[in-house]
Each structure stands twice: as C-alpha cells, then as structure tokens.
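One chain follows as structure tokens, the form predicted on its own.
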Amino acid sequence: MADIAIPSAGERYRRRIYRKSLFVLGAFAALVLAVCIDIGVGPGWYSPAEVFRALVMPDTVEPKLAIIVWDVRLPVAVMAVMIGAMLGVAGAQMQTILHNPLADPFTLGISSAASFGAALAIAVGVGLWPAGGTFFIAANAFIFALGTSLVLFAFTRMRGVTIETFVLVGIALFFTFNALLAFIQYHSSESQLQQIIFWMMGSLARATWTKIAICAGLLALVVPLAWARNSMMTALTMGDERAASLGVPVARLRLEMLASISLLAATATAFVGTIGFVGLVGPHIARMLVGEDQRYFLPVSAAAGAIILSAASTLAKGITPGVIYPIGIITALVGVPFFLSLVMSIRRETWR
C-alpha cells in the first residue's frame, strides 16, 4: 500500500494563505456585482451587464441609461459602499479591542448620540457647529457622536476600568441618549417629528459626491493605520496578557483603535442616519470565512459591510415598485434575526 503524503506545516500554511486570499478576492468581486445590481434596480430595471457597460463605456450606451446610471443612481450606490465599509471596519476593530463579538458602534451609544445631535439641530436649531447650511445637521450629529466616543475614551484611561465596565458604560450612554431623543420628539412639532424620524431611519437619499469624498478620505486615513497594526491586533485576540507578553502596547493600541472607530462611526451616522447591525454582521461573516487574522479579517469585514448595505439598498428599492424604504429598516429586519442567532450560539458555547 502506497504511503500517503502528509503535507508539511509550511505547505499547510501556504494553503491556508492561498484560501484566505481567494476569500478576499471573492468578497470584492461579490461587491462589484452587488453594486451593479444596486444600480440596475429602480423604476427602470437594467441588467448588471448593461450597468457595467454604462460605467465602463458610457459613450456606447443610450444617453438616457448613462444619465440614470452616472447622475442618479451611482452616487447612492457608492455611498452605500462607503458607509458599509466604514461600519464594517469600525465593527471589526471594536469587536477585536473589546474581545466581544456582540460589540459595534450602534450598541455602544455612538449612533444614539449622533441621532440626538441631529434631532437637537432639527427641532431646536441648536448646534455645536458654528456654521449652518448643508452640513448643519450632519456636523451636529458628528460632534455629539465624537463627544460620546471621547467619554468612552476617557473611561479607558481610568484606573481599574475593565472591558466589561467599558461595555456597560456604552450601554448606559445608549439608553441615556435614547431617552433624551424621546424627550425632544415629545416636544417637537409635527413637521419636525417627521423629519427626525426620517433621519433616524437611515437613508442614502442624501448622498452627494462631497460626502462620498469625505468618506473616502477618512477610509484612506484609517485603513492604512489599522493595516499597519494588523500583527498587534491579531495578537490582541489572544488576550491582553498574552499580547502584552509579546510586546504589544495594549492600552495605547486600544486607544488608537477607539479613536479610529469613533471617526468612522460618527461620520457614517452623521451622513446617512442611524443604520444598525452592519457593524455587527459584517465582521462576524468575515470571521467565519477567514478567522481572526487581521490581514484578511479587516478587508473582508469592509467588503462584507459594503455588500450588506448595497444589498439592503437594492431591497429598499425593489420591495415595492416606486417606493424607496429607509435603509435602516431593511438592515434591522435582516440584522435582528442574525443578532439573536449569534447570541444563542455564544450561549451554547458558554454552556458546553
């Protein structure tokens, strides 16, 4: 009987790297397809092939199709990709630094703070940003979200504060801002209340190329920083003590990543409103595909978040012809069952 060749450790490692690299490429290929489908869905439906041709060779298609693709639908589709990637990266980094697969900016009060800031600008006209204009509501939401992140940031500097305490403080801020938001809604007029509720539901309809450029610039700033720390973040998944024994400055790394998370989450919420569960679901999908290695976990989390939001955008336009539902409703309907299944899986693992 012929001997069975057993691959060496080096060969097995190369195979794992190759497989994970294919997952990364496949994720971004799926993202391109999701964007083409998103652009094609609407009052006039177009196939992904027609959309791709209009994007690559606009001079070869009908002028009407080129205008619809480039001027009407492309900004919304690109905004969905940017916001989804930002939330995916923020959720991945937050779950890593907190050692908690249930953590994301939505559950730690950052999104609630942004909603309160926006409601304050809409109902009272009070803003922490000196200038008004187009970005008045978005800037107010951003400042409140960033301020909440700084409060969380300050708690990490206090002596004796554990990760569990940090999460509890975030949950307390979440309920505090929700209560303040309800107070503002109670005293708002009918038109103000309608505007606040619409903003809270989350919408990509406010997409502009200026906002897209800001999101792209922020991703270009944060992602290389996170990528440069990928080995330390991977070590952090083994626990604080093990990471510190390997020379990782745990406290400084956690503060740097929290600052990055705050910028991403605050900007995303300020531009499109409250969109939950993307930062939770995207990283968990990435973890199931490529594991905790940050070299692959981070890009797949970004791609997964972008795909989820792009698919939600497609569903928001395709459920009822002529009606575009707020995207936050779609992500919540998809995210809540996934969240419950994740909680139950963690509970089963705990009781084993």
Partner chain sequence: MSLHISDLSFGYRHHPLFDGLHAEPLRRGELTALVGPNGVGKSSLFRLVAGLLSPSGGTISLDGNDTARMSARRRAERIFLLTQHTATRAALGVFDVVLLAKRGWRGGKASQEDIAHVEEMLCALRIEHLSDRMVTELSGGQQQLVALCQALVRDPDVLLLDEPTSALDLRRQLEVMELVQKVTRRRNIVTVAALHDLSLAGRFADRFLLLQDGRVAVDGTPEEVLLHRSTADAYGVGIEIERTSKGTLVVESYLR
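Because the structure is a prediction, the values reported are computed rather than measured. Numbering follows the first chain given and starts at 1.
Here the subject shifts to the form predicted together with its partner chain, a form of this protein not shown in this document.
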| item | value |
| --- | --- |
| Check all three, R12, M232 and R287, heavy atom within 4.5 Å of its partner chain in the predicted complex | yes |
| Exercise: E50 in contact with its partner chain in the predicted complex, heavy atom 4.5 Å | no |
| Proximity of G125 to its partner chain in the predicted complex, heavy atoms at 4.5 Å | no |
| L152 within 4.5 Å of its partner chain in the predicted complex, heavy atoms | no |
| In the predicted complex, L246 touching its partner chain (heavy atom, 4.5 Å) | yes |
| Stretch from 68-76, 211-219, 238-246, 190-198 whose residues place a heavy atom within 4.5 Å of its partner chain in the predicted complex | 238-246 |
| The single option of G318, G26, G291, P58 touching its partner chain in the predicted complex, heavy atom within 4.5 Å | G291 |
| A172, M158, A251, A228 - the one with a heavy atom within 4.5 Å of its partner chain in the predicted complex | A228 |
